[in-house]
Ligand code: HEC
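One chain follows as structure tokens, the form predicted alone.
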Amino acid sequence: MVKGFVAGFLVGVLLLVGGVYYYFASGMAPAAAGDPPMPFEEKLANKSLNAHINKANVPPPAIPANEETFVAGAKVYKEHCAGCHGLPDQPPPAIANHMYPHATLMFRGRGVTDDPPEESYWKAVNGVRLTGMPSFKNVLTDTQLWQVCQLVAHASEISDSVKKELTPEPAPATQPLAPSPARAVASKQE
């Protein structure tokens, strides 16, 4: 009886492993950014992400949450983050909704203002697998990372001067193309 139970259990485990392997190897598992998520994908990914962040035990911000920090963070954010995460009072960037999961819009709704800065810091330093969020560990200084994290943690309460820093640059005015010298000479000869 025990042998039969053990054999049945092993066959069940092998069938489960084989089925999971077939699901991925046959191309049935979603792979494109526009595909719907796999069963339990979001729940398991978030559980793993939260466990990594908690395990990292990131220290509290090394800089204060004040106007000077927010302005400095706005400059860094505008250059490195706005392309995916957007700017205040602007339409979402074209790329934001074409990523899976969608890039969080930091200045719409809650954004990440309900996340502690330590959590945003961990994500900015390490990136988040399979989301498009890169690691900025070797791109930004530790101070710049904390400035951006303080900014996004307080995005719902930033001042007008910080919003002004986040205002996109106006597009350069286009000038009509001057006729080429060869065309100008040809038209004079006619």
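All residue numbers refer to positions in the sequence shown, first residue = 1. Just so it is clear, the model here is predicted, and its values are computed rather than measured.
Quick note: we don't show the form predicted together with this ligand, though the next part is all about it.
In the predicted bound form, no heavy atom of E118 sits within 4.5 Å of this ligand.
Though the partner is left out of this view, P61 does not reach within 4.5 Å of this ligand in the predicted bound form, counting heavy atoms only. P134 belongs to the set of residues with a heavy atom inside 4.5 Å of this ligand in the predicted bound form.
Within 4.5 Å of some heavy atom of this ligand in the predicted bound form lies at least one heavy atom of L140. None of 126-134, 158-166, 24-32, 63-71 except one has non-hydrogen atoms within 4.5 angstroms of this ligand in the predicted bound form; the exception is 126-134. Site residues K75, Q90 and P93 are none of them in contact with this ligand in the predicted bound form, judged by any heavy atom within 4.5 Å. In the predicted bound form, H80, C81, C84, H85 are the residues of 64-96 with at least one heavy atom within 4.5 Å of this ligand, listed from first to last.
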